[in-house]
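Shown here is one chain on its own, the form predicted alone, set out as structure tokens.
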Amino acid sequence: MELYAEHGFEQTTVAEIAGRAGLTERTFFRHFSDKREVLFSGADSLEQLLIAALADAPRSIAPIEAVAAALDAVGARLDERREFARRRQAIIAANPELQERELIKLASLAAALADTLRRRGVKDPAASLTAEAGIAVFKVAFERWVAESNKQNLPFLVRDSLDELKAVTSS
């Protein structure tokens, strides 16, 4: 993160990253396929947490509320790493290739949510619409959360953004 901030993503080499971490390039490539993956390495565990929280949500609640509960769990985990998230997001925002990778990650999360909703008995198109809406809510909340002026925690902002969505769709 420090190297990306100091030199920019494009100018930072794998050799520099490995050297700063006290590793060889060979060791770096045992853990990451390329230098982009340093920024996205937690995506799998985040997806697993999201899916587990959705699967564990009470069956009696509406699908969007189950997704919100899953997003709350993810938000609580990320909330512990706000400064890291801010620095990471600044690097991503400055690079179109990384922005594209971030969108792919979000699409993957939406697909995983939709699959889990279907396993909970939610039919399509409701499962897909709910998953996509949930990811849109999360994206907006996350952008608000990493803003320097924002002091609210991420789970609060997820719920607030969901309330905004509900308000604009009910009128």
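Throughout, we count residues from 1 along the sequence that is shown. As the structure is a computational prediction, the values presented were derived from the model and not from experiment. Rigid core here is just the name for the largest C-alpha set that superposes within 1.5 Å across the two forms.
There is another form of the same protein, the form predicted together with the DNA; it is not shown, and what comes next is about it.
Chemist: Does residue 13 reach the DNA in the model of the complex if we count a contact as any heavy atom within 4.5 Å?
Modeler: Residue 13 belongs to the contact set for the DNA.
Chemist: Residue-level question: is residue 34 within 4.5 Å of the DNA in the model of the complex, judged on heavy atoms?
Modeler: Because a heavy atom of residue 34 falls inside 4.5 Å of the DNA in the model of the complex, the answer is yes.
Chemist: Does the 4.5 Å heavy atom contact test between residue 160 and the DNA in the model of the complex come out positive?
Modeler: Residue 160 lies outside the contact set for the DNA.
Chemist: Give a yes or no for residue 26: in the model of the complex, does one of its heavy atoms lie within 4.5 Å of a heavy atom belonging to the DNA?
Modeler: Residue 26: contacts the DNA in the model of the complex.
Chemist: Just one of 59, 119, 30, 123 has a heavy atom within 4.5 angstroms of the DNA in the model of the complex, so which one?
Modeler: Among 59, 119, 30, 123, a heavy atom within 4.5 Å of the DNA in the model of the complex occurs only for 30.
Chemist: Mind telling me which stretch in 103-111, 49-57, 34-42, 133-141 gets its heavy atoms within 4.5 Å of the DNA in the model of the complex?
Modeler: Stretch with heavy atoms near the partner: 34-42.
Chemist: Once the core is aligned, does residue 17 move its Cα by at least 2 Å between the shown form and the other one?
Modeler: Comparing forms between the shown form and the other one, the residue 17 CA shifts at least 2 Å.
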